[in-house]
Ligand SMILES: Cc1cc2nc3c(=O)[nH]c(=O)nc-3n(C[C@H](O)[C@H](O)[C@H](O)COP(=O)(O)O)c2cc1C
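This document opens with one chain alone, in structure tokens, the form predicted on its own.
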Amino acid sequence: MQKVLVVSYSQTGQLNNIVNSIVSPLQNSKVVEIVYETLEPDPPFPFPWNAEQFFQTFPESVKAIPCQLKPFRFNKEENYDLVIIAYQTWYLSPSIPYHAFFQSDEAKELLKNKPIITIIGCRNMWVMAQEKVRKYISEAGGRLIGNIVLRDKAPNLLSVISIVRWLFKNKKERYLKIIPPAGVSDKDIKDAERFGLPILNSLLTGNYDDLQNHLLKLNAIELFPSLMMIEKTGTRLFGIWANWVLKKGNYGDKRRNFRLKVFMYYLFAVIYLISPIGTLVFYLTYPLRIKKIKQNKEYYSNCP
């Protein structure tokens, strides 16, 4: 019997549905025992959010400042054969509960010498968050052997509206006929079970060397060069903004609200005014970037 630990945190339930779909072939195999560890922030983050609550998480997400978690329930003495970490992105970074998880002594001990698969559920940007997760895994002595990304496939400027309605009003359905439903589609979630079979085969043989290649053949990752450019620039700028906000206090401090409101207006201005121009410039200079783009696609698609 192979033992698999699945670590996840989901406010909306979407990530749980993604995980359940992907691991269903393992669950049904009768030779795999799956242990689920749900991260529990203490106190919990709200859902739905209001704007103040949502933007209060910005500096801590970017600067990897952890929250308090309730004690883990997994058996620290158990030798798990595989660890699956399913996470979502906040502000181009792993969400705050995952910073807390990765920085804990229990996680560092758990991940040491373990094969690890990451599963990401996001709107459309995940590359820079995964870089931070790669670093956490490497520092813990783990081995990243697979990565699967499920994203919202709606056009970028429309999905901003749909995700805001979902996060602030818990309204996920189509809006005004032109705004698509928020989040990863039900079809994509159901079809994600296709990733489970190569994971199961690698688990049973103990050979993970070619797992990511098998996952890529099943379209586990789609990369968009223009979004990668926006992410890299955004990550640098977010760091500057986060430092500016943190000068006014820690998470929840009301003194931060003015600076967070300024950041909010900046963020929407970037999304709707600056990023379209940046994307246009990117494609106009595309021939000059081909070599670098190929290198980036190969690096971000694979596991070290």
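Start at 1 with the first residue shown and count on from there. Small disclaimer: the values here were computed from a predicted structure and weren't measured.
We do not show the form predicted together with this ligand, though everything after this point is about it.
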Exercise. Any of the heavy atoms of Y91 lying within 4.5 Å of this ligand in the predicted bound form?
Worked result: yes
Exercise. Taking heavy atoms only, is I137 within 4.5 angstroms of this ligand in the predicted bound form?
Worked result: no
Exercise. Is S10 a contact residue for this ligand in the predicted bound form, using a 4.5 Å heavy atom cut-off?
Worked result: yes
Exercise. Is there a non-hydrogen atom of S275 within 4.5 angstroms of a non-hydrogen atom of this ligand in the predicted bound form?
Worked result: no
Problem set entry | Contact segment among 158-166, 186-194, 107-115, 68-76, judged by heavy atoms lying within 4.5 Å of this ligand in the predicted bound form | 158-166
Exercise. Considering M125, I221, L203, A100, which brings a non-hydrogen atom within 4.5 Å of this ligand in the predicted bound form?
Worked result: M125
For this session: For the three residues Q14, F54 and G121, verify that every one has a non-hydrogen atom within 4.5 Å of this ligand in the predicted bound form; reply yes or no.
Result: yes
